[in-house]
Structures are given as C-alpha cells and as structure tokens.
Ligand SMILES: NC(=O)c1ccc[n+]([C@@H]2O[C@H](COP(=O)([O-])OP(=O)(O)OC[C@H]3O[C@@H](n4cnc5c(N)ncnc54)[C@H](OP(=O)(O)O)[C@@H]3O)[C@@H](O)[C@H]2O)c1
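In the block that follows, a single chain appears as structure tokens, in the form predicted on its own.
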C-alpha cells in the first residue's frame, strides 16, 4: 500500500513549480532531488516530506519523473529494482519532453502504467497549463485522481500523445515568447517617457486582463481586437505597425520552430 499519494523526483524549475501547485490539493507528497538540500528546503516550505529516489520508488502511488530527457534512462535504470519489488499498483508520470510513452516502457522493461504530462511554469501560481497523455493501461479512476491533485495548477487538458509536442510548443514554450513581448511592450512605454517599472506593471496587467477576457468571452481574438480599434484611431495605428513588422508570422514561426526542435530531440 502506498504511503504517499505523490512522489516528485526532481525539484528544479518545472518540478518545483508543479510541487507548489500539487501541495494546494492537500495530497500527501514526498520530494527528492539530486541536491538533497534543495528538496528539503522546498518540502519545508510546502509542509511535506523530503527523501530519496529509492524511497519515492518504494512508497508513492504517482511517481513524477521530473528530470531532463537525457537523464531519464539512467533514472529508470536506478528505479527498476525497487519498482520490480513492489506488489501494489503505481503510476509513472513523466515530464520529460520529447520522450514517448513507448520509449519509457521499453527502457524500464516493466508493465507499469505511464502518463506523460507537460506543465508550464505558471502552474506555481495556479495560472498554468498541464497537458496530460496517459497510456492505455491507466484507468479512468487513476487519471481522475491524478487530475484532482493537479487541479490547483490551472488548466488541465487531456491530449493524444501525437499532439503533445505541438501543444507543448504553445503552452510550454509560450511563456518565454510572452516574456519577450512583455519586455518589448514595456520598453515601448519607456521610449515614450515612462519609467520601466511603471511601464512593465501596465504591460503585465494588460496581458493578464486580455488573456482572461479572451477565455471569459469565448470570442475570437480577431473580434476582440476589432472592438478595441476605433476607425482612424491610435490602436489601429499600432496594430498596423505590428503587422508591417510581421509580428503575427514571427509568433507562428516561434511555435513551429519549438515544435520542430522537439521532434529533432525525440529522434536522437
């Protein structure tokens, strides 16, 4: 019988952000990290337990593999023995980008259920996205239990595995693209005479409000844009400048480039 509901191996940027979200669900958690002190600090902050990879492998129901893709084979090799010794059912939850379910199961050589997830960093604030793709051995009940523990992260979206990399190119890489545009918008305000902290606060809150209005209204972004643009006004002049510089195409190209790079890494 599992002692902990969730075990997170790897508490770096992404693993740590996910742990912060999952802690709000009330699920019991055990954390580990290559640097043990890092896991201990986060565990103290979240009021949960810290331990070793072996302890997580032996005692957790949902075992999150929050390591870089190139580190995953060695981790699976380390965990194979304790996994083989277990008599109860447990589920692996991989966060390794570009590593298919089939590769994980083949590398491990055990029939345990596996779920791939792709979270983004805003999950730490409850405003993120977690893409979820289970293999066909994960039950609906197990998936529902996993989703309950992750619900404080933000938007949860089930997705077929063959669409996961495309989804991650938008939601996983997207925050970096948004930060770039956010900084540019703020610097535009600086160019017009605003102090940077003030311009950044205006740009960030505007981005938050715009995103929430898009989700709440259900309207196409093009329609919302047209509602802001008065004929011959200031906003349409700015939109024209963005279109002249190919901002829309550049954003599309950024997502496509991220997706293609993920596909390249998966082939290695």
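Computed from a prediction, not measured in an experiment: that's the story for all the values here. Residue numbers count along the first chain shown, from 1.
One more form of this protein exists, namely the form predicted together with the ligand; it is left out here, but the text below deals with it.
Only one of 97, 170, 155, 132 comes within 4.5 Å of the ligand in the predicted bound form through a heavy atom, and that residue is 97.
With the partner removed from view, the residue among 146, 75, 123, 93 that has a non-hydrogen atom within 4.5 Å of the ligand in the predicted bound form turns out to be 75. Across the options 66-74, 236-244, 215-223, 197-205, residues that bring heavy atoms within 4.5 Å of the ligand in the predicted bound form belong to 66-74.
When contacts are judged by a 4.5 Å heavy atom cut-off, residue 230 does not count as touching the ligand in the predicted bound form. The closest heavy atom approach of residue 53 to the ligand in the predicted bound form falls within 4.5 Å.
Within this chain, residue 35 lines the site of the ligand in the predicted bound form, having a heavy atom no more than 4.5 Å away. Contact annotation: residue 118 falls within 4.5 Å of the ligand in the predicted bound form, judged by heavy atom distances. In the predicted bound form, the ligand lies within 4.5 angstroms of at least one heavy atom of each of the following residues of 4-29: 9, 10, 11, 12, 13, 14, 15, in sequence order.
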